[in-house]
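Take a look at this one chain, the form predicted on its own, written out in structure tokens.
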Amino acid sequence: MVDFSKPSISKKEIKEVEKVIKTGWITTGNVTQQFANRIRKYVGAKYCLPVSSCTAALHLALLTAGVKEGDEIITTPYTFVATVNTILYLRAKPVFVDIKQNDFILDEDQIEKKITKKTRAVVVVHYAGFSADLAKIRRICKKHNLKLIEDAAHSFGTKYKNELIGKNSEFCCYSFYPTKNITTAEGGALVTNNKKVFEKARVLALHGITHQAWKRYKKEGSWKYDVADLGFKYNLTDINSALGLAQLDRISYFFKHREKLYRIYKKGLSKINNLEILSGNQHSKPFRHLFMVKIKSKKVSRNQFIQKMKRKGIVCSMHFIPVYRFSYYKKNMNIKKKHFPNSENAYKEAVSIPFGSDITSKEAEYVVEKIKQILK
């Protein structure tokens, strides 16, 4: 069986997690602070707040950006539901912009058409390791006094031109879920260059209590603390952070290994008539996250392709089902599929084939062989 994406966990990760467990301090503490500093230095941003998920990071970003009930937030329907849910948590309104066919990222040229007096922010989703055109979106946001929030769940380590995503951001959100470029099992981070954003997010991430309250059970801590805001339980533990630190030590290997897999797939699949590889864009220097193909066969549909691959012991996935196709959003949002032709085409044709830091070259070659058989 070739799994869709397994995390690469070495003896180093196990050793670091075991070390934390043996200390007896397994919740948020010094190791999480170390993890924050490592991410901040790696990305080149001023501040980093590790949190329990990218969803938590997105929610905190929207809150610290000042999003309120009734505000409109421009984003893409071709994303995981967390992007949209966090907007709805605040009773704001998601306003969708269709994606481009080459990289499945929202069409920057359509953003201004959707701006109204109620528009507060743009949430852009970097996709499959490719970056959105940040210079273009930043110009639009500056012109209309909008906040730019980046959902970079797919793009930790990706560069926009020569800058790592997050380096020059006010709100950049990462995911460290097991399928991502590095993992903390569950977890994410909010990176910012705005001190006020960081300080407010840090308080909100732990029940709204003062930021040193996690030390209250340590010798140097105090039982006395204040609750400054209505916060959430979004902190990341030292166990998760220990895993993340060990993963960061191996990030160069992950980058090279994923590039190697990408080359195997691209070479093996580029000349198949009934298949098209997602091309991406020229302004990205991607940290490869997914390998996306479009099934163009008249004899084998996308759904049939996934089933045939499964029968051959290969697990594929789908990134993404447009959010307006789910029952909840159909019932609560008046969205018409015909307004999003590129998202609909992607939904009907696109497949994520197995890709990740623990997939071997031999497994990738096996995947290529079976794809050729199915689409012969």
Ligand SMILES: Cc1ncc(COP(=O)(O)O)c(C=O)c1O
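This structure is a prediction, so every number in the text was calculated from the model and none was measured. All residue numbers are counted from 1 along the displayed sequence.
Quick note: we don't show the form predicted together with the ligand, though the next part is all about it.
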property	result
4.5 Å heavy atom contact, Ala61 to the ligand in the predicted complex	no
Distance check, Thr28 to the ligand in the predicted complex, heavy atom within 4.5 Å	no
In the predicted complex, Val293 touching the ligand (heavy atom, 4.5 Å)	no
4.5 angstroms heavy atom contact with the ligand in the predicted complex for His154	yes
Every residue of Thr79, Thr83 and Tyr177 near the ligand in the predicted complex, heavy atom within 4.5 Å	yes
Interface residue in the predicted complex among Tyr47, Tyr42, Tyr329, Phe320, criterion: non-hydrogen atom within 4.5 angstroms of the ligand	Phe320
Heavy atom within 4.5 Å of the ligand in the predicted complex - residue from Pro286, Gly166, Gly187, Gly244	Gly187
Which of 61-69, 304-312, 48-56, 341-349 sits within 4.5 Å of the ligand in the predicted complex, heavy atom basis	48-56
